[in-house]
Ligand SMILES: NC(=O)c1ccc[n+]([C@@H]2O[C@H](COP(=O)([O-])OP(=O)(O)OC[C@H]3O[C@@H](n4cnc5c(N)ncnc54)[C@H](OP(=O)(O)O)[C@@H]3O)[C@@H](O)[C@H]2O)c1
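Presented below, as structure tokens, is a lone chain in the form predicted alone.
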């Protein structure tokens, strides 16, 4: 695992790690869960390696970056029908805002697990997709799809959200307008 190599090679007195909101609240237990939510499971496993490393550390969990949300919407918009996981909400945040916080943390003393960081608003996935389609002048039907498994249930319950830590300032709409101006 790459995190193990990073921990083994660390010569710095302070390891700063970026993780995802919900890493500890999203049970990734079955093969189906791993196929759809393996990234979350990998982040949680990395957190455990860092915590047990004996190194001084700080971990920041952030919600989904605008850039990843846009990449997902662009890929999905290529399909004739867009499947939207029903009940899924996201709280996108600007990667630059998270980078600024990581820089602050790297210059500070090790703090362990710090307060989560989320974007200013939460959105239903179908609304994110509708917004992207509208911003790019496309029309596609959106089909709600209920994803099975415990990890999907955790996302439907909001495990990937940090409404109490909505510290980001740039909204999805502002990001989308700037990012799709050339589309």
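Computed from a prediction, not measured in an experiment: that's the story for all the values here. Numbering follows the first chain given and starts at 1.
Below, we turn to the form predicted in complex with this ligand, even though it does not appear here.
For the options 167, 18, 159, 15, the one in contact with this ligand in the predicted bound form, meaning a heavy atom within 4.5 Å, is 18. This chain is drawn without this ligand; in the predicted bound form, the residue among 64, 26, 58, 122 with a heavy atom within 4.5 Å of it is 64. Only one listed stretch (145-153, 35-43, 127-135, 48-56) carries heavy atoms within 4.5 Å of this ligand in the predicted bound form, and that stretch is 35-43. Though the partner is left out of this view, residue 68 does reach within 4.5 Å of this ligand in the predicted bound form, counting heavy atoms only.
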